[in-house]
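Given as structure tokens, the chain that follows is alone and in the form predicted alone.
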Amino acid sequence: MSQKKITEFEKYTNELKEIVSPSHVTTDPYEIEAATGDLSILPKYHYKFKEEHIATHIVRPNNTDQFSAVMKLCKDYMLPVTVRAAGTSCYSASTPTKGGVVIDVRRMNKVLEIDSEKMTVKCQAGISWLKLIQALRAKGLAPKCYPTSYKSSCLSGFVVTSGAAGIGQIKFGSIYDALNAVTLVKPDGSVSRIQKNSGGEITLADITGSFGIFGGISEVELNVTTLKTSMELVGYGFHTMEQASEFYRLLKSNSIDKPFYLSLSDKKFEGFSHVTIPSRPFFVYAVFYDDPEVTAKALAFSKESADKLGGLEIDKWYLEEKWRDVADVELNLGRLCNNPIFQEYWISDEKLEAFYEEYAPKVKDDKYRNAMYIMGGSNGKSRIKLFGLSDIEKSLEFFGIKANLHKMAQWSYKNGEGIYSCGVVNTFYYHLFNQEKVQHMQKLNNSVDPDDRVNSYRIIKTKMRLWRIKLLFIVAQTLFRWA
């Protein structure tokens, strides 16, 4: 490294330490490695071993002013920036793609104001969902929706993704519906407060689903709800996907009391995630959370509907175990292999059977360990997550599974549906199938970040060459089936 580069590096580092205390600025390679990936396997077999993708600094600001000053300094030095929180995404949403600086917002974890009359909460965007839930509970309040990963994830990560499936979305709507405003730190360091009625160039709808390409969120204002007094759990096993899907839709559309949480899973998923499993191939699980008279009506409706479809009621203790472990079940599958492979799809409720009919023959033919579960979301849609349990060292099986998941993504888009999560990994699907969204986001990004420095290679630009991906999957699946 030349003397000029060393001097510039040291100068930048010293200036950072004038903004943020030195203990919260690090250039240690071990800390950088730990804080530049997420739950995806992409950093493990691709980015982590390429020097140009490894960050040089981790910075942890404490408030909006520090965040803004750090972002402006990065602009002055023309350094790439990756904004991250807890890193619980599974698609390299918080992985650097150009090196540079990682701004970790987890120190920005304070509740700023709870207004019990207006039913709102203002907080810093790096707060964990668990901490926010506990702070609201002390006031008799609760978030309207939050992710199943609430024990470990942060507020800002859920805001910049769609936040459309998880806990509370069927009953109260997506994270967008709950949002009042966000404070956005733009790539040049300027700060904007964006509300639902702001009328600015970038809207709240653009922020949710942007994966941070317009900058970093420092503060959030949410509408909240009151704590309820009754929680009831129901679960029924079914012989066929058709029966399970029909019951799932009946619960989701029930006007008496919409589920607080709703899932449909196959027996394999239950077996991988829990000690014991339901006896039938498909399992629908629901949580109702309201006042006692409302949940009582929901229970009666559930039983009546399940009986008509031949559903087998599941023991209460198993249902309680599922709710207790709802934040951990996806991670439990990771114990069964070195690299669980998965993809998430965003599918209309009426197409659940069609999706399964396309998927089931593929896993039957290839005979790899697999699992599926469906989580209820907002606006008549559901998040379907498909798992393949393998090991990257078994390269033919690994890429054969990836090829199957890729085919299901193609099927989803061709049938008017799509994928649920983006990040670096899935961006190329937007370029294949959703050019209108890409062009809209590119236009906005050219305005706020013309140098494309912040959270790059998400949505507006893909790092993976499409022809290489297609060729890889075709060859891998052919070889896997011959092996």
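No experiment lies behind these values; they were computed from the predicted model shown. Residue numbers run from 1 along the displayed sequence.
The form predicted together with a small molecule exists for this protein as well; it is not shown, and the discussion that follows is about that form.
Peer 1: Using heavy atoms only and a 4.5 Å cut-off, determine which of 244, 371, 234, 93 is in contact with the small molecule in the predicted complex.
Peer 2: Exactly one residue meets the criterion: 93.
Peer 1: Heavy atom within 4.5 Å of the small molecule in the predicted complex: which of 206, 330, 266, 177 fits that? Just give me the one.
Peer 2: None of the others qualify; the residue that does is 330.
Peer 1: For the three residues 26, 61 and 79, verify that every one has a non-hydrogen atom within 4.5 Å of the small molecule in the predicted complex; reply yes or no.
Peer 2: Contact check failed for every one of 26, 61 and 79.
Peer 1: Of these, 314-322, 360-368, 141-149, 405-413, which stretch puts a heavy atom within 4.5 angstroms of the small molecule in the predicted complex?
Peer 2: Selected range: 141-149.
Peer 1: Is residue 161 near the small molecule? Define near as a heavy atom within 4.5 Å, in the predicted complex.
Peer 2: Taking the distances in the predicted complex, the answer for residue 161 is yes, it comes within 4.5 Å of the small molecule.
Peer 1: Flag residue 383 as yes or no: does it have a non-hydrogen atom within 4.5 angstroms of any non-hydrogen atom of the small molecule in the predicted complex?
Peer 2: Flag for residue 383 set to yes.
Peer 1: With the cut-off set at 4.5 Å between non-hydrogen atoms, does residue 100 touch the small molecule in the predicted complex?
Peer 2: Taking the distances in the predicted complex, the answer for residue 100 is no, it never comes within 4.5 Å of the small molecule.
Peer 1: Does residue 400 reach the small molecule in the predicted complex if we count a contact as any heavy atom within 4.5 Å?
Peer 2: Result no; residue 400 lies far from the small molecule in the predicted complex.
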